[in-house]
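Shown below, as structure tokens, is a lone chain in the form predicted alone; questions about how it binds or moves come after it.
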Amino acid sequence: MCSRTSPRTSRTGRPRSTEADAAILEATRAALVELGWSKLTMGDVATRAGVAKTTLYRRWANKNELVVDAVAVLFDELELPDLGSLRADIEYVVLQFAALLERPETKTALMAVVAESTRDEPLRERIRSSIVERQKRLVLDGRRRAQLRGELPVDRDPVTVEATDGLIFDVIAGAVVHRALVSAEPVDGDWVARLSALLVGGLGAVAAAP
């Protein structure tokens, strides 16, 4: 499981407070829902969290870093229990992911940072490191279990493994985000069953999906 603290751990000074971090990130999400990206300020977050503005800047250099971390901890809540089959595992995590995207704080924060990142390369990199790379753990766990069950072949080439894991993550995350946030269509059981059939069995399996 990955860390839920901000990557900015190299600064010296007093030890970080887990409670203060949680209050700050929660205040950030609440402010985003209420004010939107453009009106959100570090000062507003500090007031809502009940901390000094200097406390914020000791942890996050700017609003971009703060908002990405506020989103990242939500995605860290995703879990992949072993349900006995690759299809069942995929369906579970997709439904869990979709439910997370339905939360106003997740939807607002994610769309805000993605839009802002189109003109901010450091922000794009922080999204990759704090959200995308951290959540690839779900793909790694799912593939490893499927290989142990004999559902997938074992690939021992680290380059191929990394490329495949990245592709699986892109396909699942891209499909769910597009369905939920772009098309605004429901991510329900029928749609998830067809997606998992496509991932596990290919195009020929989609027509047979229940």
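Remember, it's a predicted structure, so these values are computed and weren't measured experimentally. Only the largest set of C-alpha atoms that superpose within 1.5 Å between the two forms is called the rigid core. Numbers follow the displayed sequence, beginning with 1.
One more form of this protein, predicted together with another copy of the chain, exists but is not displayed; see below.
- Heavy atoms within 4.5 Å of another copy of the chain in the predicted complex belong, among the stretches 140 to 148, 25 to 33, 44 to 52, 66 to 74, to residues of 25 to 33.
- Of the heavy atoms in Gly189, none are within 4.5 Å of another copy of the chain in the predicted complex.
- Taking non-hydrogen atoms only, His178 approaches another copy of the chain to within 4.5 angstroms in the predicted complex.
- Although the partner is absent here, Pro104 sits close enough that one of its heavy atoms falls within 4.5 Å of another copy of the chain in the predicted complex.
- Shown alone here, Gly174 lies within 4.5 Å of another copy of the chain in the predicted complex, counting heavy atoms only.
- A single residue from the set Ala99, Val132, Ala88, Leu78 has any heavy atom within 4.5 angstroms of another copy of the chain in the predicted complex; that residue is Val132.
- Contacts between stretch 154 to 192 and another copy of the chain, counted in the predicted complex as any heavy atom lying within 4.5 Å, involve Thr160, Ala163, Thr164, Leu167, Phe169, Asp170, Val171, Ala173, Gly174, Ala175, His178, Arg179, Leu181, Val182, Ser183, Ala184, Trp191, listed in sequence order.
- Core-superposed comparison between this form and the one not shown: the C-alpha position of Arg137 differs by less than 2 Å.
- In this overlay on the rigid core, Asp120 has a C-alpha that sits 2 Å or more away from its partner position between this form and the one not shown.
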